[in-house]
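Just the one chain here, the form predicted on its own, laid out as structure tokens.
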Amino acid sequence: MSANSRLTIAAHALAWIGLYQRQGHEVATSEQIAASASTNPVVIRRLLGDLRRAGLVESRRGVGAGWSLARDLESMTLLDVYEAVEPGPLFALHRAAPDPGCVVGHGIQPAMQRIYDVIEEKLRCELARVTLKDVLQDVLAVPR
């Protein structure tokens, strides 16, 4: 299994757009953001579409097309981004019901669901504490 990087790439895109706008630019292109993230512009456009639906970015078509922040970085949290790009639960149970006649099969889903619920609530609380402004400040503080 590989880890999901959608939250990281979305945070990267938002921080990049925020910095780019601070430098006096109105909009950023998906190609520019993709170059920074070393990924395909299609990946960026899909994520930005999710972020637009969540009200975090806006897009402009035609001449001067591109993406801009819909809100200040100070008012966006990592939880906002997480909810925009990761709509499902953090962990999943078996796709098929385990054998209810087995003692483990009977109790595994309720036991694991309780654990997952606690972990997800802690994750949400931590993500809600961190703004995208905080992320950009941390990014800019990393020595080059």
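Heads up: residue numbers just count along the shown sequence, starting at 1. Quick caveat: nothing in here was measured; it's all calculated off a predicted structure. Just so we're on the same page, rigid core means the largest C-alpha set that superposes within 1.5 Å between forms.
There is also a form predicted together with a further copy of the same chain; it is not shown, and the following applies to it.
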Residue 42 versus a further copy of the same chain, in the predicted complex: is there a non-hydrogen atom within 4.5 Å? no
Check residue 36 for me: does it contact a further copy of the same chain in the predicted complex (non-hydrogen atoms, 4.5 angstroms)? yes
Residue-level question: is residue 105 within 4.5 Å of a further copy of the same chain in the predicted complex, judged on heavy atoms? yes
Answer yes if any heavy atom of residue 89 is within 4.5 Å of a heavy atom of a further copy of the same chain in the predicted complex; otherwise answer no. yes
Give me the residue from 26, 58, 83, 99 that has a heavy atom within 4.5 Å of a further copy of the same chain in the predicted complex. 99
Scan 10 to 47 and write down, in order along the chain, each residue with a heavy atom lying within 4.5 Å of a further copy of the same chain in the predicted complex. 11, 12, 15, 16, 19, 35, 36, 37, 38
So that I can tell if residue 55 moves, could you say whether its C-alpha shifts by at least 2 Å between this form and the one not shown after the core superposition? no
Taking the rigid core as reference, does residue 31 move its C-alpha 2 Å or further between this form and the one not shown? no
Would you tell me if residue 99 moves between this form and the one not shown by 2 Å or more at its C-alpha, with the rigid core held superposed? yes
